[in-house]
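Just the one chain here, the form predicted on its own, laid out as structure tokens.
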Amino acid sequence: MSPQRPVAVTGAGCLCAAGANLAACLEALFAGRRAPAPPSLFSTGHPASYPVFEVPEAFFPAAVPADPELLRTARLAVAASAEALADAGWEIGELRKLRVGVIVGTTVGSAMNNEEFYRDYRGGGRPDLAAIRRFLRSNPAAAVARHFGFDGPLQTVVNACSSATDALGIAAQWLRDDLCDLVLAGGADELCRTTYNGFISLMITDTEAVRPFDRTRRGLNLGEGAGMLVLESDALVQRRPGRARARLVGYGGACDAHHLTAPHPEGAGLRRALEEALAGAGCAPGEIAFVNAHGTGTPDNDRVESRTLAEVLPGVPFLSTKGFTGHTLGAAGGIEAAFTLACLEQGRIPGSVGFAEADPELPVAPVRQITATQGRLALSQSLAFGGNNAVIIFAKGERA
């Protein structure tokens, strides 16, 4: 595979339970601070309580108020996009003269929060169609484009928990193919009762705070949020030199085709995705400064990731940030991409909160403490139901 042409990343934004914006999230990560709690957005009849990582209402910017005609996933995406565009130094009026694309990864954020409507309909009633109109307006990519007045290409990627990482890889290709001048790309997802109950039924959710890669790990905690990046064409970058925070230099994607919800035990798809991303970046494994692992805290995921990282990227430090955010599903790749480029800029990574005791079944373990990193490249990977695997590699930009 030929090296992929680097694409500049000029802005980043995110909000999740760790913080209201990227700077606040990084401050929480390096302080080792987290606050999982029982869900307050919905109720269930489970006798056990499973902690989640909710985004407090106070974290939403005043310019993005709650809208009864918009679902929460779309609101999260708009909020993160506004931060990313401001970080990139763009005025909205200037952008409306350009070809601006929007691509957002999600899982089920807009599809499963209409329980009352479905219940009434199945019971023979004639429920108000407001819920359906809200659903149709809440495609996250379309909602972001409508909010800012962009009319370039749109895509919502629904590829389970690799959705946002795939969205970023696709966005870079849109720019290489000259489909647009600038792309807002990332992921957004909200907590809802259906996914909460679904993961409990799969018996991969922990009743305690998540412990990625720890010997005593028993499963994930769900979370919500959004992470969006601004990617720009070479022509735009030349008009505004010195703006790049990073460059997306490699992307790989591969499917295990092994199991609906479990990764291939030998990490077959993840290995192919890693090799494709490394080839696209034109780099050797030893040039990677650190890896943002998927690190959900489930026994299967962490075992496969640990073994694959030990074989493909031996000696490279890695971490999981899901101990701070929970597993935000379709948003995870976007949030963690923002974390990855910010840590690459700072030349350090936080400790993996929740990890305390090494698992003798795992050949390598994540960093426990804040760790200085060396090098100009960092990698973020996402594993997903359906056997999806996606990997992106960033290089430091001029603002680093």
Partner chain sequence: MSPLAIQGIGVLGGFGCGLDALRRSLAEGPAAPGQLAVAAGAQELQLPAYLADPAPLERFVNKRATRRIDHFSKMALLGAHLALEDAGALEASRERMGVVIASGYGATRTTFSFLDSVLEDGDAFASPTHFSNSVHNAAAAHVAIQLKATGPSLTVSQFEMSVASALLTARRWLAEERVDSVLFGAVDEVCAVLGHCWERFFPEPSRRIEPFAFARQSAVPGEGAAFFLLTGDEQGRHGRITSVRQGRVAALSQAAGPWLLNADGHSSCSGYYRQLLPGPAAVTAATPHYGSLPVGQAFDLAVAALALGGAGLPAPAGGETLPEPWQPAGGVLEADALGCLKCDGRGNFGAVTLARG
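The structure displayed is predicted, hence computed values, not measured ones. Positions refer to the first chain, counted from 1.
Not on display, but discussed next: the form predicted together with the partner chain.
Heavy atoms within 4.5 Å of the partner chain in the predicted complex are found in one stretch of 210-218, 79-87, 149-157, 237-245, which is 149-157. Contact with the partner chain in the predicted complex holds for all three of Gln4, Asp177 and Arg272, each having a heavy atom within 4.5 Å.
Among residues of the shown chain, Ala142 is one whose heavy atoms approach the partner chain to within 4.5 Å in the predicted complex. For the chain shown alone, Gln346 is not a contact residue for the partner chain in the predicted complex, no non-hydrogen atom being within 4.5 angstroms. Looking at Gly124, you'd find a heavy atom of it within 4.5 angstroms of the partner chain in the predicted complex. Shown alone here, Thr373 lies farther than 4.5 Å from the partner chain in the predicted complex, counting heavy atoms only.
Screening Gly198, Pro317, Pro285, Pro299 for any heavy atom within 4.5 Å of the partner chain in the predicted complex leaves a single hit, Gly198. Though the partner chain is absent from this view, in the predicted complex it lies within 4.5 Å of a heavy atom of just one residue from Gly223, Pro263, Gly323, Gly252, which is Gly252.
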